[in-house]
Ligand SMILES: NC(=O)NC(NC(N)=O)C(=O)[O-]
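Just one chain is shown here, as structure tokens, and it is the form predicted on its own.
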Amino acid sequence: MDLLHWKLFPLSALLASFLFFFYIQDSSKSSQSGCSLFPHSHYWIASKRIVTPQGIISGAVEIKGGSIVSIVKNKDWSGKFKQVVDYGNAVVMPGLIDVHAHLDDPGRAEWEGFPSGTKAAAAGGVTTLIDMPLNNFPSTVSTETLKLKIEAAEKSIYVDVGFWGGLVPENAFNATALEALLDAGVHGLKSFMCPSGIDDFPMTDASHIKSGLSVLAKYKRPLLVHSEIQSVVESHLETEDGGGDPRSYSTYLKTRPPSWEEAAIRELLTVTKDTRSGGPAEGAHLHVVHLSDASSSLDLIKEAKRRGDSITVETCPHYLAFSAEEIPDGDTRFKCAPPIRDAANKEKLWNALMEGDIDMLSSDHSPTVPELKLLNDGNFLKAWGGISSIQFVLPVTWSYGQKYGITLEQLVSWWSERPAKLAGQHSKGAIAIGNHADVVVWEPEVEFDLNEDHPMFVKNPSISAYIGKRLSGKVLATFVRGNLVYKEGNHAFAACGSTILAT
């Protein structure tokens, strides 16, 4: 080795060691940034509008290791911290929690799968969803089928996902089977009081529900019920030629009148009295999903609450955004059950929500493949019922709620705080110290056209009833347990959401 090479050797060795050091550092960051578009585990989110349980503040939220560790007002930090993501005047609030979504893995991933559905959720500011036990195949009605659902979700989800189990006739009177399902981690049970449209998820009656509530009481978990009872007199209308033009929405609307919801809720209230303080099912809770009828059905629920029954009720953005009179002939994107009712009913739903008689909102995201929506035929009586919506529930609620003067605090109550309580998620639903750092950042004043050019992440975007609408409320960023999983059209490289099981 000559003198020149001898002198260069230590320098090259030093350079190599530096390169190796930075390679290790970059590899570490890349590993972390696979789950997050912001490769830091300790940082601050700043904004002039942060929605907290104590009100809207200007300040910053400190995030460390996936949790919120401190919250300070503007005067207390004044930009003195490192690793600050400053969102200016954008709204920072807890991520949405959707307690009613159908992501149809396993078995019907072509309808919607965990990757596409949770990407859409993240793009809409939804940081947690509780998946329904049907539309996937097989339905989630046992520990074995729950295991299939969990396996399908693992390493495929961009947000946190929990699971409801199914209450069906085959397990309703089998306390051992229900306890096993609850011990395995479902957050509660779901049943239908009318045909679900899914062969392996048959309907239940009041006796099944009463039995289910007695088991749920031990676990202090809820039973969610699709509350419609099919009338024999009226059901004959849902045929190809029995009730008028099948392309007319009014024909379909007649097949599922408000009396179906009223009859189901009236029957439910014969057993919810058991959930009162001192009752045989104290500790259990009944939750009425996707309420459509804002008249007699809602009055019955209000009266049950006054009597002390443990009962809550949700409605969905599509019932608040649309009315029967405006649905075009043949536009089966709008078919759902219960159906979208008239404009007067929509006004009553809004009033009930604003007054607190309706407790919370959910998407009831229920997609399918375009062929089953019969978009070309436009036959409302034969098309699959379900609204594809999970990516846009935040801007839809905000846009249509402007007429009624909704506030950011109400949004958080309907979409975060109360859903968290229903699902037993005590570390979610609020920007509070100790909670998971589940955060959505959005601009309420920014409008956008939801057209075919707009990025949509659901499996089959063409079936969404919201296409063609102009909405307010652009989601800028979504953080799940501190990971920046979505930022203006882009998702994190890796799907690092957690499956959340009840304990």
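Given the structure is predicted, the values throughout are model-derived calculations rather than measurements. We number the residues from 1 along the sequence you see.
Separately, the form predicted together with this ligand exists; it is not shown, and the next lines address it.
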**Message:** Just to be sure I understand the contacts: of Asp293, Asp105, Asp364, Asp160, which is the one whose heavy atoms reach within 4.5 angstroms of this ligand in the predicted bound form?
**Reply:** Asp364
**Prompt:** Between the options Ser196, Asn379, Ser211, Thr255, which residue brings a heavy atom to within 4.5 Å of this ligand in the predicted bound form?
**Reply:** Ser196
**Message:** To test your reading of this chain, name the stretch in 143 to 151, 178 to 186, 349 to 357, 332 to 340 whose heavy atoms come within 4.5 Å of this ligand in the predicted bound form.
**Reply:** 332 to 340
**Request:** Report yes if all three of Arg221, His287 and Pro419 come within 4.5 Å of this ligand in the predicted bound form by some heavy atom, otherwise no.
**Result:** no
**Message:** Residue-level question: is Asn135 within 4.5 Å of this ligand in the predicted bound form, judged on heavy atoms?
**Reply:** yes
**Asked** Contact between His100 and this ligand in the predicted bound form at 4.5 Å, heavy atoms?
**Response** yes
**Message:** Is Lys428 part of the interface with this ligand in the predicted bound form - any heavy atom within 4.5 Å?
**Reply:** no
**Message:** I'd like to check something about Gly386: if you look in the predicted bound form, is any of its heavy atoms closer than or equal to 4.5 Å to a heavy atom of this ligand?
**Reply:** yes
